[in-house]
Every structure is written in structure tokens, then in C-alpha cells.
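First structure 1, then structure 2: two forms of the same chain, each alone, as C-alpha cells.
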Structure 1
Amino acid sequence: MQAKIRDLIITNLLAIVLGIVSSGIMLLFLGENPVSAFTILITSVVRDVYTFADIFVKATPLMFTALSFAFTYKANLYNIGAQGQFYIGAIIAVASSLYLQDILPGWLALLITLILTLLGSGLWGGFIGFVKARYNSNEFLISMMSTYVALAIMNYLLRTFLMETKAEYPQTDALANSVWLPRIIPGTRLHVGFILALLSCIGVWVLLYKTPLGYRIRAVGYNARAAKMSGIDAKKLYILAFCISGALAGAAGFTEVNGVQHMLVQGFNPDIGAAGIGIAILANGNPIGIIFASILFGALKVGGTIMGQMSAIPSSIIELMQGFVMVFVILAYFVRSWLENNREKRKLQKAVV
């Protein structure tokens, strides 16, 4: 067991390092010195409190989208539509906030907005679970396609009903201060959404591993047939899992709109769905692991952006890095099972000879 945990940590760290080194090699094509580039990357994120806190700001929505993927993944379902569920959440959050900010006290408006966001994005996600359960439709395809539909809806609303009063750009009016999520550390952008995300990670972990419901979800995920033969209604769980998954992704929309952007802009955060999947994979689907993996991705994002501003290095280096890290993490899965097999085999050969 110990050897397994050691393998897990070593291979994953190695995967991250290799991912960063590979993208460093790519930097050579630009004629940039990777060492100095990475020095900038590391020193820049710790240069002041504001920047450092921003790591956690960036990690917040990633935790939600990663949880979203990981949750259905435990039920052996693929929700790769977190991006779309995030958009739906963002739309509802901004619409609800704009409507309620004038008629309700801030905390109540925020609370209602959160509930509406979770409900709306949960339903949007739950639809996928419903057609999976009812018609046995391919949830992978439908969740993928639903993202493009959500994007179209968002773009449409941003140039019609939700468009700013100036009617100049496809974006909404800014939210009133009263419906901003409170800051945790003054002088930074870190808001209570981060705590919400942390609690969600812990909550999902407890739900999955400590409650009968989570147990049933995992049982269905590992072996749907055995679960069915044990009286567990997989279809109900499919719908539920997708509702929760959608709501988690939608929560990212809420924290981004009310916590960071304070408005909704066209084309915003277009890659957090995919990054969430990457993080979930890096964390092996474990909600607690997702906390750390999200912070890593958050740091890459913050550092990469600053690097883009301070040098000639394009910020697309972040996506490159994320992509490389993910590929190496998948290779690490293989290396681990290979190491494990070899260990067993060696033990055996020794025992026999």
C-alpha cells in the first residue's frame, strides 16, 4: 500500500515537471530562455499579496468544474459539458443579480442568486442525465453538444436582453456593490467563493465516500449491473449525478460573475471546462486532490499571464503547459500500473525459485 502511494506522488510530480519542461523546450523555438522564463513564472506569482491571492481566485472556478467532471466520472458517466453548464450558471447569476440588486438587501439577493444558479444549471445538466436514463442516449455526445448550445444562448442574450444600457459591447451592465461576493483579504480579489469551493470539495468527498447515496453512486459507476442486481436504481442516480454535476459547474458561474467579473462579458473563461477535466484527471477524480490540482493550475494561469505581460512569451504557453501536463499524467497512470505489476511479478519469482 505504501509503495502505491509513493508511486502516486512520485509519478504525478514527475508528470508535472515533465509537462513544464516540455513546454520549456517549446520556448526555445521562440528564442526565449526557458530557465529565465520559469524564474519569472515562479517569482512573479509570489511578488505581492495581490498576485499570490489571485492564484486562489483562479483556482476557485476550476475546483467547481473539476468536481463537476469528477462527480459524474464516479458514476462512470462523462459530463464534458461543464463549460456549458458554467455559462448557464453565469447567465442566471448575472440576470438574477441585476434584477434583485435593486429590490433586495445584498445578502438575500446573493443567496437567492446562488440558489437560482444551482437550480438552473442543475436542471441544464440534469437534462443530460434524464435522456441518459430514459432513452439511454450517449451522454458524452449530448453534454459536448450542449456546451455549444449554451454558448449560443449566452451570445444571443448578451446582445439582446442582457446587453448593457450603453448598447455598445456584447456584455452586461456591472453589478452593484451590494451583490458582490465579500472579499476575504482586503486589497486582493480573493472572495468567499474560494471558501465555497473548498467546502464543496470536502462536501463532495463526504457525500461520495461517507454516505449511502455516494456509495451507491460509486457502485453504479464501477459495476452498473451488479448495482442493479442489488436493488439500486441506476437511472435515478444518473439523473441525480448529472443534476449535482451541472449545479457544481454552474456554481463556478456564480463565483466568477459575483466574485470576480461583476458582469458578464462575451467569450469569457472559454477554457475552464476543459481545464476542469484536466484537473480531475490529475487528481484521479479525488475531490481533495482536486483542491491541490486546481491551485497548481491557478498558479500556472496567474504566472503565465504575468509572463505574457513581462516578456515576449505568448500566454498560450499556459494551455500548452496544461496540455503537456495532462498527457504526462495519463502516462503516469500507465507507469503506476506497470510498476505495480512488476513488483508483484518479482515477488512471485522470488517466492518460487
Structure 2
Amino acid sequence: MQAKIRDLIITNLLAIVLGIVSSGIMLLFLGENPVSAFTILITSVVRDVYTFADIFVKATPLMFTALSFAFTYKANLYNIGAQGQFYIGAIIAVASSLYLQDILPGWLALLITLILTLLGSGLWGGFIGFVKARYNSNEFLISMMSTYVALAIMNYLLRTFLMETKAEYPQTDALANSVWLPRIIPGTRLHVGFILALLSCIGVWVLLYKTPLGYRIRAVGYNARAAKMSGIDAKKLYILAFCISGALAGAAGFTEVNGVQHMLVQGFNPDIGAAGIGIAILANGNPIGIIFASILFGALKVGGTIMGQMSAIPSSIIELMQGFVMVFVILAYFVRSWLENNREKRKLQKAVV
């Protein structure tokens, strides 16, 4: 176990360093000084309270989408559809908020909206688990294609039933202040959704590692056939895992709509699902590790935007950096697997001798 933790820390740190170095090389091709660029990146995120708090604002939806992927991953399932589940959550959140904001007190409207969002996005994700359990369909493809369906539904609703009153733009009306998520720090955009994300990470860790349900999920992930022989119903767990996974991704939509955007706009946050996958891999699927990995990516997003404003360097270089980090993190996963297999072989050889 200690060797695994050591490999995880070393390989992921190397992945981050190599991602940064690769981005620096790309900056050289642009004729920019990488040291100056990264100095701006680091100093910009701590220049004032508003900017520093924005790191955690950006990290909030990333935690949810990363958890969404990580949860099914523990059952050896691959939920590539967090983006679509995020959109479904955003649709339900904005529709519920617009309907309830003039009927109920703000806190009650927010609570009902959250519950409806979790249920709706959970059912959307649960359908993927159902077809996996019922027809043994490839959950990778089904979850990926469901994203396009969710996107089409959102675009249709934003041009019809949910379109703003003037009917000029594919977006909804702005939400009333009563259904905004409360701010944690006055004068910043940091809202209580960040606390909800932290609690979700801790809750998922407890569920996976401290409860019988979590044990069954991980047992199915290790060996579904052996788990079935032990009396564990893998098919039910497929559906349940995707329900929980979908609800987590939908919660990201709720926090973005009610905490940041305060409306739903066509095509917003189109890469939140992909970023969540990279973060989950960087954290090796550990919910606690996801907290720190999300904050890292949040800092990169905030710093990249400011860097683009303060210099001639395009802010898209941060997306390139994140891409490099993700590539090296995936490579690090295979390196860890290779090291673990070699350790097991040496143990077997010693046992035989």
C-alpha cells in the first residue's frame, strides 16, 4: 500500500511538472518567456481576495464532474457523459428556479430545486446504468452519446419554452436574487456551492470506503464475476452507480446556474465534463484527492484568464497546459500499473523460490 501511494504521488507530480514544461516549450515557439508567463500566472491568482476566491468558484463544478466519473470508475464503469448530465441538471435548476422564485421563499425554492435537479440528472444517468445492466451495452458509448441528446434538448428548450422574454437570444431570463446561492465571502463570487462540493467529496469517500454499499461497488469493480458468486447483484449496482454519478454531475449544473450564471445560456461550460475526467484520473479516483486536483485546475483557469489580459500570451495556453497535464497523467496511470505488475511478479518469484 505504501508503495502504491508513493508511486501515485511521484508519478502525478512528474505529470504536472512535465505538463508545465511542455507548455513552457510551446510558449518559446510563440516567442514568449515561459518564466515571465508563469510568474504572472502564479502572482495573479493571489493579487486580491476576489481573484483568489474565484479559484474555488471555478473548482466547485469540477469537483462534481470529477466525482461523477470517479464514482462509476470504482465499479469499473466509465461515465463519459458527465457533460450531458451537467446540462440536464442546469436545465432542471433554471426551470425550477424560474417557476418557484415567485411562489416560495428563496431558501425553500433553492432546496426544492436542488432535490429536483439531483433526481432528474440521477434518472438521466441511471438510464445508462439500466441499458448496461439489461442489455450489456457499452456504457462508454451510451454515456458519450447521451451528452449529444442532452445538448440538443437544452438548445431546443432555450429557443422555445425557456427562451428569455424578449425572444432575442437563446438564453433564459435572469433568476431573481432570492434563488441565488448565498455568498460565503462578501464582495466575491464564492458561494455555498463550494461547501456543498466539499461535503459531497467527503460524503462519497465515506460511502465508498466506510459503508457496505461502497464495499460492494468496489468489489464489482475489482471482479464482477467473483462479486456475483459472492451474492452481490452487479446489475443493480450498475444502475445505482450511474444514478449517483448522474446526480453528482447534475449538482454541478445547479451550482453554476444558481451560484454563478444566474441564468442558462446556450453552450456555456462546454468542457466541464472532460476536465472532470482529467481531474478524477489525476486524483486516481480518490474523492479527497479530487478536492486538491480541482483547486489546482481552478487556479489554472483563473490565472490563465488574467495572464491573457495582462500580456500578449493567449489565455488558451492554459487549456493547452491542462491538456498536457491530462496526457501525462494518463501515461502515469499506465506507468503505475507497470510498476505494480512488476512488484507482483517479483513477489511470486520469491514465493516460488
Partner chain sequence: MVNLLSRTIMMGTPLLFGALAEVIAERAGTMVTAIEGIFLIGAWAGFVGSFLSGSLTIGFLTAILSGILVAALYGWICIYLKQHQVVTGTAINILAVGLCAFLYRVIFGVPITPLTVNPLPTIPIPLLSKIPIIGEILFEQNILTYIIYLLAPLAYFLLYKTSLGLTVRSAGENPEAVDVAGINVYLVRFLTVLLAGAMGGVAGAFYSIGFLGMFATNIIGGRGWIAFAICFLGNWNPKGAVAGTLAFGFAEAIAIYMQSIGANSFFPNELFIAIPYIMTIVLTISRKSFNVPAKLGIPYVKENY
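Keep in mind that what you see is a predicted model, and the values were worked out from it rather than measured. Here the rigid core means the biggest group of C-alpha atoms that line up within 1.5 Å when the two forms are laid on top of each other. The first residue in the sequence of structure 1 is number 1, and each one after it adds one.
- Each structure shows the same chain on its own, and structure 1 is the form predicted in complex with its partner chain.
- Once the rigid core is overlaid between structure 1 and structure 2, I16 does not reach a Cα shift of 2 Å, moving by less than that.
- After superposition on the rigid core, the Cα atom of L331 is displaced by 2.7 Å between structure 1 and structure 2.
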